[in-house]
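Only one chain is given next, in structure tokens, and it is the form predicted on its own.
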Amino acid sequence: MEKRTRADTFVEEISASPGGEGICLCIQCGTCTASCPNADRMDHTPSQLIAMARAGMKEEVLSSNAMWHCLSCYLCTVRCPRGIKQTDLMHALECLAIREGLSSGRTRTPAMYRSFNDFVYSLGSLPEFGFMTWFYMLTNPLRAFRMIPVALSLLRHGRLSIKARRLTPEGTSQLKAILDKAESLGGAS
């Protein structure tokens, strides 16, 4: 009988997630890390994160801030000699972290994702001014006050709208169906 290790099950869990399929293809060349413009902000580089995941370090990987600092610029994906879609892998790790309740407290990105989904799901639109106000009030109310000059400048230049464009009732129900389907497929809500 084959003994299954913690590493095997974690890698299989990642591989089963949309975007995590390529984790076993990594040869640890470090091209993804060398390509990443945000690697210096990550507590573990992209290549370290893959090595840790393959070693079964689930809690350490999912509580890392690395995937939350991914810019989705796809430089790692384009340059990977093995064709691994590292950006998709980072998003798969984000979903697993949220599902396991292990997302890093050192970044506000999970709160932004949650706020975005809540706004879009409940309103069928995204009023930018209201969304950002809500986000800052949830995460750092004092920062909301520091952002007032930025908001005023954006308003003055027509780059920020206070009133959201509404979808039709049919469009709203279609959007909710899409979000429900994404969540049922393993997307984080």
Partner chain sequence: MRYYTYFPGCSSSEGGAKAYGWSTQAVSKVLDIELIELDDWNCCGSTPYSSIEELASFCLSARNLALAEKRGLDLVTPCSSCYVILNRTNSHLKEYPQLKAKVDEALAAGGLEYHGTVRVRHLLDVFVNDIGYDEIRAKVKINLGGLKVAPYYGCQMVRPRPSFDHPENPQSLDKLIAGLGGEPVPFPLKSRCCGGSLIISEEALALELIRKIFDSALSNGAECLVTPCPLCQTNLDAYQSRVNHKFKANFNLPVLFFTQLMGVAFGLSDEDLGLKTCIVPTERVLAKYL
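Numbering follows the first chain given and starts at 1. If you superpose the two forms and keep the largest set of C-alpha atoms that fall within 1.5 Å, you have the rigid core. Computed from a predicted structure; not experimentally measured.
The form predicted together with the partner chain is left out here; the points below concern that form.
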| query | finding |
| --- | --- |
| Joint contact, 45, 102 and 134 to the partner chain in the predicted complex, by non-hydrogen atom at 4.5 Å | no |
| The partner chain contact in the predicted complex: residue 25, any heavy atom under 4.5 Å | no |
| The partner chain contact at residue 9 in the predicted complex, heavy atom, 4.5 Å | no |
| Exercise: residue 13 in contact with the partner chain in the predicted complex, heavy atom 4.5 Å | no |
| Residue contact check: residue 79 to the partner chain in the predicted complex, 4.5 Å heavy atom | yes |
| Position in contact with the partner chain when the complex is considered in the predicted complex, options 126, 51, 29, 138, heavy atoms within 4.5 Å | 126 |
| Partner contacts for 165-182, taking the partner chain in the predicted complex and a 4.5 Å heavy atom cut-off | 165, 167, 168, 171, 174, 175, 177, 178, 179, 181, 182 |
| Rigid-core frame, C-alpha of residue 13, shift of 2 angstroms or more between the shown form and the other one | no |
| Yes/no, residue 24 Cα shift of 2 Å or more between the shown form and the other one with rigid core fixed | no |
